[in-house]
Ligand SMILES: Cc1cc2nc3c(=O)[nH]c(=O)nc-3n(C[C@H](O)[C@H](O)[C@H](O)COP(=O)(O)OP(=O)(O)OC[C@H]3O[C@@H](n4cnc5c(N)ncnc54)[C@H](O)[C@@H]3O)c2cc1C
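Shown next as structure tokens: one chain only, the form predicted on its own.
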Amino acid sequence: MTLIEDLRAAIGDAAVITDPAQFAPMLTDNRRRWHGQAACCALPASTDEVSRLMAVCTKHKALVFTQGGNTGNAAAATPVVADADVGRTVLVNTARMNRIEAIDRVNATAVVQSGVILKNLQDAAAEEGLLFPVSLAAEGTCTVGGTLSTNAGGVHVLRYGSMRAQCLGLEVVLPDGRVLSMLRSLRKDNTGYDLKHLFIGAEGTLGIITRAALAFAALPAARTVFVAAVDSLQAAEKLFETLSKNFSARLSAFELMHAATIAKVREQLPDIPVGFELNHPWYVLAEIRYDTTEESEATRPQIENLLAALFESDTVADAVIGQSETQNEALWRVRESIPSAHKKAGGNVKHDISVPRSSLVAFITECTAELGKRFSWIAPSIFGHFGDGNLHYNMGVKPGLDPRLCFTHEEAIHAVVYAYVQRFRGSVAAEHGVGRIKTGWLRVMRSPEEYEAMRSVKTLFDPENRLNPGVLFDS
């Protein structure tokens, strides 16, 4: 029997699509820069079906690429293969694995299939009076499996941590079809190696995540959201230190936005109101969450007094505080619309980087100055999660120029940016992953010993390099 015939026998005729026109959107990455090919798209509905599917793929030595919502920014889920390998390439999409199997209110946990949409999990938690705290712009389409595979972070890592911090257990199908069951909902378990962490952030290169046990947090009773204008990065750093000192773990987000990024939202997305003037170079969106309404009522005057004192000391130039949940959402919408606005304007050269929080000011100042010297036409678009050291440090072109200009110099821009990241002992893949676009930089950023250790792990689980080949490693 052929590969397709065996797959259909394993998971059903309807679950194996062979007409490329029917799964064409899955063959192009989220940024529409990588285009893949596959003999078929397989849509399993359970761990057992994934196991049978992978056994078939082992028999036929098929290449397997796993995809959730296809929202990634590093092309890790795109089946880019040589023409000679298309006939043995299988794209596995987890859309049918979308069940929230159980929620334990006492343990504050859930067991879910990997194809569950993140927003659906958030809503299910809220219905139980709980919170799933990972929140990001793609939450309406990204999946639990995808966010685990990239160890996604989002805007609340400062308080809650990334997906790794929420994951208590996993069920994974290995390349040969064996099921590795680590689906425990325990907060303390020191019995040997904690193998689940090998698969979190592995970008689908070691196995296919099929189910996860995830932890919930307490649902906040209220929050304060404000946007503060600052005239320097040093002022933004001082504001962060002040808020951290005064509000500690209640500070759940601290987002930095260059004025040019907000101007792009106003220009490209006029239906999204920007409820403050753009008279300063930098803006910070901060959120403080409360466990009780009484805490909220007692703390809000403290925030207002603190901002007033910071205004008097010239740390904060202006501020807008949300007066209702509707206004809070409106302030957040401006921040979350920045990527869409730049995409609509023609895009830019993207960097998902992180450095120690104490190095952010120096990194931005020095790297931006160097880029300006080398490329007179360059226009920075800087925003991101100052509170956890992660920036979306993107570079476009000045007004009136063709946005495609930046892409003709993409590699040269990367070289400058990543050299500074390396100098400040940072990461070139803070939350989007390495995928297939930063494989060369992974080798540069890691020591030879660490890199070879990672290659050894890959070889141990996938000795024939059939699972997401070309992702993380060049070959």
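We number the residues from 1 along the sequence you see. The structure presented is a predicted model; accordingly, all values stated were derived computationally and were not measured.
Keep in mind the form predicted together with this ligand is missing from the figure; the text below concerns it.
Look at 421-429, 441-449, 39-47, 66-74: in the predicted complex, residues with non-hydrogen atoms within 4.5 angstroms of this ligand sit in 66-74. Proximity of G153 to this ligand in the predicted complex falls within the 4.5 Å heavy atom cutoff. Taking non-hydrogen atoms only, H385 approaches this ligand to within 4.5 angstroms in the predicted complex.
Contact annotation for C142: at least one heavy atom lies within 4.5 Å of this ligand in the predicted complex. Shown alone here, I208 lies within 4.5 Å of this ligand in the predicted complex, counting heavy atoms only. None of L269, A137, L233, A124 but one reaches within 4.5 angstroms of this ligand in the predicted complex through a heavy atom, and that residue is A137. In the predicted complex, every residue of the candidate spot (N30, S114 and S149) has a heavy atom lying within 4.5 Å of this ligand.
Residue P339 is the only one in 335-367 with at least one heavy atom within 4.5 Å of this ligand in the predicted complex.
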